[in-house]
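Only one chain is shown below, in structure tokens, and it's the form predicted alone.
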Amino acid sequence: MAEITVEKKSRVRGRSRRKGALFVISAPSGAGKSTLCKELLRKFGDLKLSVSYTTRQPRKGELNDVHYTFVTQKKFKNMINRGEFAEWAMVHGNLYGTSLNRLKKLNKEGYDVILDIDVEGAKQIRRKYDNAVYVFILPPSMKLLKQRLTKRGTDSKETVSRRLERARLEMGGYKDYDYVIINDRLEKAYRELESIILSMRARTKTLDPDRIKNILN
């Protein structure tokens, strides 16, 4: 994929009365979702990624509490029983979940939050939050998706086949999302995703009232 060449901007917000929004971003494995989310986080200082809990083992280069919070199945299930997740799901034999407390803390501080979650997780969030925006990222074709998964070299042929089978099922749910982005060119897909973030922030109900008061005064 070509490297995205965009200007990095620091937009760290001070104290704000604006309640942060949730951006739920889903995609089949290999569609480029992680790359696009990383670029958003690089550019927007007041946009945070909700770090999910998972029971799977860390991959090479992954850091605890940065990429995921890695826990045992026992601890994860105890968290389920205590109602600590805004959503959770079993994906490829591993449990993944979004911490309710982490979401509340970030939103209270005025941050917009990216939820990098699957279709089932998005359904759960949809039932609980009315301030979320839903974006689905599609690959240009199944053939290219298979090439991307194979090229990564991190999964066996059997695992790649399972991911492709799951991808077909997940992509059938794109109509439940507010926006669909086809990632045929990385920079184009990023611009589309960025425009969704900016348009949401410009909506009347998401503006910081103190900023408007300063303008009027």
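Keep in mind that what you see is a predicted model, and the values were worked out from it rather than measured. Residue positions are given as counts along the sequence shown, with the first one as 1.
Unshown form predicted in complex with ligand ADP; subsequent notes refer to it.
Listed residues 178, 165, 65, 184 were compared with ligand ADP in the predicted complex; 184 is the one with a heavy atom within 4.5 Å. Heavy atoms of no residue among 20, 105 and 108 are located within 4.5 Å of ligand ADP in the predicted complex.
Using a 4.5 Å cutoff between non-hydrogen atoms, residue 47 does not count as a contact of ligand ADP in the predicted complex. Contact annotation for residue 35: at least one heavy atom lies within 4.5 Å of ligand ADP in the predicted complex. In the predicted complex, residue 148 approaches ligand ADP with a heavy atom inside 4.5 Å. Shown alone here, residue 152 lies within 4.5 Å of ligand ADP in the predicted complex, counting heavy atoms only.
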